[in-house]
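Next up: a single chain in structure tokens, the form predicted alone.
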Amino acid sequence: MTDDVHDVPTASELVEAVREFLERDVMTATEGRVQFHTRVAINVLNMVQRELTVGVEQADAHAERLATLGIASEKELSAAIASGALDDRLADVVAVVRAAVRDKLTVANPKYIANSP
């Protein structure tokens, strides 16, 4: 994604600024429920920032992986799996699904990948 159109601060920089405010000011000044919800908000902003960083690249790579199966979308993949149309390419399907899950975890919570076998 190019940031040339919107100049600075970029979307990623704006997300980072809000996250830093929550971490430095709100977390230290609150407790209980508000602190918990602040922590949740910080996690959400981290996810948004990771998606802004790698989302387009991941989407392109996923589309290429689906294309190797002759599939254009997640919906088509699901239908092909359900119908058995790809039963003879199980290893390929598993590789595509595994890569998609890895990409999703990279955005949602990369710690899950680091802790996986």
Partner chain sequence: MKGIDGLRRLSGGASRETLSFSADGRALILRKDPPGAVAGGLAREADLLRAARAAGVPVPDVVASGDGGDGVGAPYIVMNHVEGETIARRILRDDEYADARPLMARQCGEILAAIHSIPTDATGGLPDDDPLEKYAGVYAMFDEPHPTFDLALKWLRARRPSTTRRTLVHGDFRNGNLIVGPEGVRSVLDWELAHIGDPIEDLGWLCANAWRFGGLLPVGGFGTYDDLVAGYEAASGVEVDRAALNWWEAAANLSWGVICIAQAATHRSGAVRSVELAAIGRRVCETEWDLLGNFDAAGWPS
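Residue numbers count along the first chain shown, from 1. Quick caveat, the model's predicted, so the values are computed rather than measured.
Quick note: we don't show the form predicted together with its partner chain, though the next part is all about it.
Site residues E74, R98 and A108 are all in contact with its partner chain in the predicted bound form, judged by any heavy atom within 4.5 Å. Contact annotation for E64: none of its heavy atoms lies within 4.5 Å of its partner chain in the predicted bound form.
Not displayed here, its partner chain is approached by A82 to within 4.5 Å at the level of heavy atoms in the predicted bound form. Although the partner is absent here, D87 lies within 4.5 Å of its partner chain in the predicted bound form, judged by heavy atoms. Taking the partner from elsewhere, V26 is found to have every heavy atom lying beyond 4.5 Å of its partner chain in the predicted bound form.
The partner is not shown here, but in the predicted bound form the stretch 31-52 reaches within 4.5 angstroms of its partner chain through a heavy atom at F36, H37, V40, A41, V44, M47, E51.
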